Ligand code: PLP
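Only one chain is given next, in structure tokens, and it is the form predicted on its own.
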Amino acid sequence: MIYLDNGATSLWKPACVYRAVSKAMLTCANPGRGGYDAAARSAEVVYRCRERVATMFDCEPEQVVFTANCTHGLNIAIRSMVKPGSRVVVSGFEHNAVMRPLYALGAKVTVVGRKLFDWDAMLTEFTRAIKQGADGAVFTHVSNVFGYILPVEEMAAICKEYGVPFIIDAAQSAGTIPLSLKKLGAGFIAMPGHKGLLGPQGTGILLCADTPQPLLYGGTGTDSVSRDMPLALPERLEAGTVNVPGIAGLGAAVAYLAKESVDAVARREHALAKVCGEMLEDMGFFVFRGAHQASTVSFLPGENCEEFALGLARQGIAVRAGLHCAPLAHESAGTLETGTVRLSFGADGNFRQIEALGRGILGIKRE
């Protein structure tokens, strides 16, 4: 199979990830719940991953909270920052993992920057909305539909200038574009462990600079006499047993990426996306491409997107079609009625995948 759906999850993982997961399942008990070797070993595995993540994202280990996925982390962050009626500024390319929690809280949402790959328009509209008065802002780093890299450093600076707290959704950038919690000054940055970070599914990370409100309440192995959750991080947000095998695999994946270099992975993936976009245009498709684009390419096949994707699947090529859980992004780009076919490269990407995609498309045309 030619796998081109890394925007949903990375299918290829380094061998060290499988070994770490297996070893944890065989040797690790519940961290922080006992003084015996298996519990101590588990606590060490979890903390080692926390340290590696902190190094990669320029923060302190205690600011690294493990979640079930990026959506879990975004819900914690949004519910910590946003109150019913809060005025919140978002980009025109947000995922439902951002929009649905905001709607559920009754936030007053202002959408800005609906032009694809246009930083000037984004920053002009974002600045205006923040200056007009905002209680918070939430914005994605990279659009999951179009691979559009937003100017998050500039947006962060605007928020800091006007004293507006903000959250970054790094679902499509963590592990492929460098990020610093300290430099950006975000209250929270949420990310999955299973996409660009190459960890197992069922893992996620929430980087916390601000004080969060717990989403789950329960045991943490510390301060058990208290009727409330501990005040200290990360225990405040990690009620119940954490996913030790998943965290072990994630820790191994982060160590692998540190050796490979996030910058090197990003350059390779972006080069593949550029060549792929050019090939699709040469084949006559309308391709969404721009100057600020990561490793994801969306295009219009000229027919039903889902049927086209199924045709590729019959050729052994895995892509994603439809609205990609981001109707706001499609509304901004004018594709809400049709959706798009999305290709997203991963750390194992290579030019042979693009050649196979071209052959697969020709195979569909012959059907």
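No experiment lies behind these values; they were computed from the predicted model shown. The first residue of the shown sequence is 1; numbering continues from there.
Although it is not shown, the form predicted together with the named molecule is what the next lines describe.
Proximity to the named molecule in the predicted complex, taken as a non-hydrogen atom within 4.5 angstroms, holds for one residue of 184, 171, 254, 159, which is 171. Checking 207, 297, 248, 74 for any heavy atom within 4.5 Å of the named molecule in the predicted complex turns up a single hit: 74.
For the named molecule in the predicted complex, the listed stretch (190 to 198, 121 to 129, 264 to 272, 236 to 244) containing residues with heavy atoms inside 4.5 Å is 190 to 198. Within 4.5 Å of any heavy atom of the named molecule in the predicted complex lies no heavy atom of residue 112. The named molecule is not shown here, but in the predicted complex it comes within 4.5 Å of a heavy atom of residue 144.
Of the heavy atoms in residue 95, some are within 4.5 Å of the named molecule in the predicted complex.
Among residues of the shown chain, residue 65 is not one whose heavy atoms approach the named molecule to within 4.5 Å in the predicted complex.
Taking the named molecule as positioned in the predicted complex, the only residue of 1 to 19 that brings a heavy atom within 4.5 Å of it is 7.
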